[in-house]
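This document starts with one chain, in the form predicted on its own, laid out as structure tokens.
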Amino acid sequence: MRKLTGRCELQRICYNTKPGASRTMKIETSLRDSKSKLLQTSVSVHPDAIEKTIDDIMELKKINPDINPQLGISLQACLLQIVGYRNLIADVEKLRRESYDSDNPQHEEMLLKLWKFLKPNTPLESRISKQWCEIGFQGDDPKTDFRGMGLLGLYNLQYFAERDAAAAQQVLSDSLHPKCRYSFAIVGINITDLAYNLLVSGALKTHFYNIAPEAPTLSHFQQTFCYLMHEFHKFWIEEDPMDIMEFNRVREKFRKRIIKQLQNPDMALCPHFAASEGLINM
């Protein structure tokens, strides 16, 4: 093909594919499947080495950067996303593997803040209390509920409760309604598990490569969690389950819907997401 067009595969992708997930995923596949060791390893370099890696690729491919300045810019944008996604998985995995420690003041502070953000007008009477059930934990000490997702579950719940307080409080209020009833915090940890698996499987690449002009960050992941919480809440109400025993069925149906959406290379789950918009009033 290069003999016909005078361009290598990376050039053809950059010149013929619009920016975003379509281009970045094609570049990622091309680099990963290349016979060249330099190209194969370029998808896992340190972010600080990306510029040097681009120069090396241009030299290997005998591409003059003065004649093709846009190619270097396009490749750099793609590599920032590709490397950033891999690093985001590592950051998220680190939080998931860190257990909640009630002897750690920082962990305790985050947990108490979660209560304050969700129940600003109701003081917590004591650290060990049945009151935790009011925001959807299973017992009088939430630390046992974080076992599956570690600190990641708490980070996500606190982010939602703090950054979109009105939406989080409304979802919590709706979850206590007899017609809707589910455990807010437990569902939040479960949706954290869904977001984590979407990330690790690569399903979220389309979303992040379309919304993050450079490297996707932990904040992007947490915003996606907020969106998933909000959308699952609406989905739960629409499904109108008999009781909480139908949770796994509804969750699986929701998961399949999200995965189907993410198979569209133009998909951005929450390009300008504000969870407080479009809430259903119970």
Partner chain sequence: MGQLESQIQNEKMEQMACGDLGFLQTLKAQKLASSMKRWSKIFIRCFRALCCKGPPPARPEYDLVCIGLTGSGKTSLLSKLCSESPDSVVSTTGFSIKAVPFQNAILNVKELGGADNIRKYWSRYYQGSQGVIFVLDSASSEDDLETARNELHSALQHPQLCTLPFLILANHQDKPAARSVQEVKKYFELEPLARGKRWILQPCSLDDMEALKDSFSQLINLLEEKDHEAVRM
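Positions refer to the first chain, counted from 1. Since we're looking at a predicted model, the values are computed, not measured.
The form predicted together with its partner chain is left out here; the points below concern that form.
> So which stretch, 71-79, 157-165, 200-208, 185-193, is the one near its partner chain in the predicted complex (non-hydrogen atoms, 4.5 Å)?
Only one stretch qualifies here: 185-193.
> May I ask you to check whether residue 149 falls inside a 4.5 Å heavy atom distance of its partner chain in the predicted complex?
Looking in the predicted complex, residue contacts with its partner chain include residue 149, since a heavy atom lies within 4.5 Å.
> My question is simply whether residue 145 lines the interface with its partner chain in the predicted complex - judged by any non-hydrogen atom within 4.5 Å.
Heavy-atom contact with its partner chain at 4.5 Å: present for residue 145.
> Is residue 173 close enough to its partner chain in the predicted complex to count, meaning some heavy atom within 4.5 Å?
Residue 173: no contact with its partner chain in the predicted complex.
> Are any of the heavy atoms in residue 129 no more than 4.5 Å from a heavy atom of its partner chain in the predicted complex?
No, residue 129 sits far enough from its partner chain in the predicted complex that none of its heavy atoms falls within 4.5 Å.
> Looking in the predicted complex, is its partner chain within 4.5 Å of a heavy atom from each of 32, 264 and 269?
Not one of the three qualifies.
> Counting non-hydrogen atoms within 4.5 angstroms of its partner chain in the predicted complex, say which of 64, 219, 248, 41 makes the cut.
Flagged contact: 248.
> Within 13-33, which residues come within 4.5 Å of its partner chain in the predicted complex, counting heavy atoms only?
Heavy-atom contacts within 4.5 Å come from no residue here.
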